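What follows is a single chain, given as structure tokens, in the form predicted alone.
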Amino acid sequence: MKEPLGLDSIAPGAAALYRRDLAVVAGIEKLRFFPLALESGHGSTLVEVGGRELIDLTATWTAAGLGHGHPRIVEAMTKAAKTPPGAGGLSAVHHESVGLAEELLAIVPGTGDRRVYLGHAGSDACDVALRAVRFNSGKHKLVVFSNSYHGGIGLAMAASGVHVDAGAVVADSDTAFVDYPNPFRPPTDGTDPLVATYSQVEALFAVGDVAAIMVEPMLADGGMVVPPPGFLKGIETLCRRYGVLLCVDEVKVGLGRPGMMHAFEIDGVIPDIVCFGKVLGNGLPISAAIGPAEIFDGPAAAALLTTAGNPICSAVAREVLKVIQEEDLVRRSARAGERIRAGFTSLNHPRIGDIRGHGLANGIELVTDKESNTPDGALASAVVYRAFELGVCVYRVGGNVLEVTPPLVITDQEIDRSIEIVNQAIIDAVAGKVSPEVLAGYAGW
């Protein structure tokens, strides 16, 4: 593999580590926007090999929701690792996995007899949920959204518009894709985006044999799209009318990040199935799906992961839930998100077309100009690279959108400084300070 450019501009130790990675780690699992080679982290700070510090506006794709090295998480992990009761929940039970399931049921609204599936990542939580719905509902068809992301394995991957559009997987033959309502980019014929989406969904539901619809409360990897108010409520109404299960994917935007405990609370809905991941383990591999017992209770051994529900990850997840509630991170996320959006709005930059979000799940959409609002993916690529050079880690999604999803513990000072740096990165990128040749080695999505 040809070495990407830019390695000579980072610390020698960082460049050496990056080269070692290129030589041994499979490219199939890489999504790179700049040559980031890290040695440590603390709070909302990432430390590059060599000691340079960067403000983290990614929280590792929201997985490090409580920041890096949170003391209570370190303590919980260390304590659980000393005398663990086995290494998983496949053929035994232990207090941590049972306790975690009970605590998730307590914080997720719902009715009837429910069960909790524990897995390793949001990908398997969504995959198992979709497979279980198909197997146990007596129906086979699924409805999902274009530009969605529900996972990188199995049925969840085949139901992810991002993967299907990229050609990374063949779409599932019994899964239909509908348009996600985007207020910033409504249908070109002038139709209200909600009306257009509801029409597509109802047409599919009316045919019959639809087991479930899976939806993100905010279209995360598809561009941090915030739907019009009431979107989920309308979907819920259609689900009840046609007897379709409502599955909500909260993996990336839930558990405190949206300025509420759950993003589906924004529209006041009660999903049939909810999937969690990322922040639940704050860097450790754990996920969960919560739903009706008749969907998740059988058949036995239909979702086998030996170390799923292991005591160490389960203990950490329980502590994550406690920290979110006891440190009032939901309210903190809401306030911090307002500061971020107000800060970017105050820039009044001609290349920022839209600023949107809830809490600490935000998108900054870059365009060629505000008159046409033409997406500018090339500018977004240059901005994230230049921001890295200036000391901020931020990624792009949806081609031209900066995803601003820092740890829930980010400080006001870090927010203000990161906005200054991103603003300078936009100015520098527009001025051509990042060459296309350098960017060619860091294609991202």
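Just count from 1 along the sequence shown to find any residue number. Computed from a predicted model, the values in this text were never measured in an experiment.
Although it is not shown, the form predicted in complex with a small molecule is what the next lines describe.
Interface membership of Arg257, defined by any non-hydrogen atom within 4.5 Å of the small molecule in the predicted complex, is ruled out. Using a 4.5 angstroms threshold between heavy atoms, Leu130 stays clear of the small molecule in the predicted complex.
Not displayed here, the small molecule is approached by Ala121 to within 4.5 Å at the level of heavy atoms in the predicted complex.
Proximity of Pro311 to the small molecule in the predicted complex falls outside the 4.5 Å heavy atom cutoff. This chain is displayed without the small molecule, yet in the predicted complex the stretch 245-253 from 245-253, 109-117, 70-78, 330-338 comes within 4.5 Å of it by heavy atoms.
Of the residues Ala159, Ile364, Cys126, Leu360, just one reaches the small molecule in the predicted complex with a heavy atom at 4.5 Å or closer; this is Cys126. Site annotation in the predicted complex: the residue of Phe264, Tyr180, Tyr149, Phe231 reaching within 4.5 Å of the small molecule with a heavy atom is Tyr149.
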